[in-house]
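What follows is one chain in structure tokens, specifically the form predicted alone.
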């Protein structure tokens, strides 16, 4: 019997190893798997390369993982946002590496990785420092830069509901990066606000089929990142 449900976030992230490449979903807090990230901090894996849309907020979630010196490199689109309190200081001190990728290019590098496409051409970044050292070609009189796709050892993803097969549906902007990250990792770990019985998810509404998911853990009352940041909270509590 297929059953991908695990008992706790700690059990879900237990296999993540030192030096792993980890995708972390999140396009705003709707998709940020706070509980899985905090469990990863407790677990202790280090020297991680993390792919995410940004570098986290305040001192919780991804920002807390970075603050605990568990991340050696970030690959992201927005390393500095209104509530970035950790990454900018570490980067300016030379304590963490950064690869900036335009947001659309980042999404396509991940999507292509999941689709088995090794690289693609895009006009984004032509004539900028981000194109330096990369192959370029001209098609129909327009220059394009070659971008290699991204795959990861693990993805940490947040969804609204799942079943024991690992079929997923999302909440709002959690759908932006979550589905493609599920496809582009060797092992996908998901926290779901609700785990439902088989047949309760409308097949027409399923966004991520269970074939792309390895583990699911229910987190019925997930933390709200914005509220934690507003309260000045830090992890560990």
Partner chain sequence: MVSQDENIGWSVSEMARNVAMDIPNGSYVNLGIGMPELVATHVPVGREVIYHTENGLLGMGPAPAEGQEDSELINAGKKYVTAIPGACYFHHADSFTMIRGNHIDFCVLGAFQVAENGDLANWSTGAPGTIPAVGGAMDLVAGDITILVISRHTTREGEPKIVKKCTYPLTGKAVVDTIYTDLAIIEVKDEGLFVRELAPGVTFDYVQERTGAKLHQYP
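All values derive from a computational prediction rather than experimental measurement. Numbering follows the first chain given and starts at 1.
Quick note: we don't show the form predicted in complex with the partner chain, though the next part is all about it.
Q: Is it true that 44, 195 and 218, all three, sit within 4.5 Å of the partner chain in the model of the complex, judged by heavy atoms?
A: Verified in the model of the complex; spot residues all out of contact, no.
Q: Quick one: is residue 29 in contact with the partner chain in the model of the complex, heavy atoms, 4.5 Å cut-off?
A: Result yes; residue 29 sits at the interface with the partner chain in the model of the complex.
Q: Looking at the partner-bound form in the model of the complex, is residue 75 within 4.5 Å of the partner chain by any heavy atom?
A: Contact with the partner chain, no.
Q: Does the 4.5 Å heavy atom contact test between residue 54 and the partner chain in the model of the complex come out positive?
A: Flag for residue 54 set to yes.
Q: My question is simply whether residue 107 lines the interface with the partner chain in the model of the complex - judged by any non-hydrogen atom within 4.5 Å.
A: Answer yes; at least one heavy atom of residue 107 falls within 4.5 Å of the partner chain in the model of the complex.
Q: Scan 204 to 221 and note down the residues that get a heavy atom within 4.5 Å of the partner chain in the model of the complex; none is a fine answer too.
A: Residues within 4.5 Å: 204, 206, 209, 210, 211, 212.
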